[in-house]
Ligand code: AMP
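Single chain ahead, by itself, as structure tokens, in the form predicted on its own.
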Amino acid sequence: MITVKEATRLINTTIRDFGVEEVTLGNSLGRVLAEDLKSDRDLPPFDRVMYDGIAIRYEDYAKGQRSFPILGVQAAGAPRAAAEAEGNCVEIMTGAVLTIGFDTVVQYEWLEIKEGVATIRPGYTIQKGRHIHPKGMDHQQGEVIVKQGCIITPAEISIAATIGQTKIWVRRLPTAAIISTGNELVDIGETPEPHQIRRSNVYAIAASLGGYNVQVDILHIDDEEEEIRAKLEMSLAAYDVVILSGGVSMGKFDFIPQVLDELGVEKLFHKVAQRPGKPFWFGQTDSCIIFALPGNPVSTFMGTIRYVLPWLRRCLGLEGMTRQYARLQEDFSFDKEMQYFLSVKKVNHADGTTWAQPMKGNGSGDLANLARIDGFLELPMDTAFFPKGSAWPLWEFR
């Protein structure tokens, strides 16, 4: 067996760049930006009024003038107008371009308007340029607003729309197959016999990859060596990444490692000193990466969160999963010489610290326990006792 640290290192040697592609703005949500978003003009593109009110010359106000004849109205969306500014004002709306000749805005809340004259109420003090968002204050034309390499959220879509980009370059996603193995598995729409269970692991993996917009094909292979060989050979040629669930342990029908070897897949490791998920197998061909995870539900799920998703993020030009830490809510002991991934529920304390409450399940086959937890606390293999309050890496999936 190898350590979790060594397994992580070997997986990181297989990081691949799948290239870039152009998509419409409406289809870019959740993708990884592959170009800098630059302003096509100054932002704001004009001196923009921030509140409804009147525009005046500050010079007139500084001389003591408080009542201003209204010359007209400058509406948002109307071309910039000019007026005889000295001693006068114009009514002006939020988002409008500042009328030529004026330099300061007074909100309606501080005005009394009667018979075409706007009077500033006593007790209000203004400064020159107040309530005006100057042209180019946010960004100059050609300036980078968003750097490539981030996940596109509604905020980035809004910015891209503002600068007129109907299409956007994003990182290309890998093609992926998720394969369940085992004669005991039936489809989720079927009624299982007493000796059967429904396939669930593949849907958990697919949903995890779906968080990054990866489209997957879900396949199944029975525990028959020839069928395994045929379907794996097809999958290795057709996909960038193949993720298997089951068939990698020491059972008589666990043919996956043997068949992968016969198909010429380079094995990088088989078995990791961890619980759950010890039988984890990992390898590659020139065109495909293979994650063969153990079939117990918690093992498969933990392996996806701890290994598959960080690999995917790095392939897409993102950093590894953001390392979070949480403090143990109570003492915990584990005396095996393995890295232990403890199922925990996250608890946020009032002082801003994150704590982890151990949630005991019934082993790696206890699928239902996943509904009660938020992630896995990674506890090192060289320690047997973990006191309350000690902080460890948290692999959160909620």
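As the structure is a computational prediction, the values presented were derived from the model and not from experiment. In this text, residue numbers run from 1 along the sequence as written.
FYI, the form predicted in complex with the ligand isn't displayed, but the following is about it.
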Q: Given that the partner is absent here, state which listed stretch (95-103, 264-272, 291-299, 160-168) has heavy atoms within 4.5 Å of the ligand in the model of the complex.
A: 291-299
Q) Can we say Ser180, Glu184 and Arg199 each have a non-hydrogen atom within 4.5 Å of the ligand in the model of the complex? A) yes
Q. Which listed residue (Ser249, Thr175, Gln284, Gln107) meets the criterion of a heavy atom within 4.5 Å of the ligand in the model of the complex?
A. Ser249
Q | Distance check, Glu156 to the ligand in the model of the complex, heavy atom within 4.5 Å | A | no
Q. Taking 4.5 angstroms as the cut-off for heavy atoms, does Glu91 touch the ligand in the model of the complex?
A. no
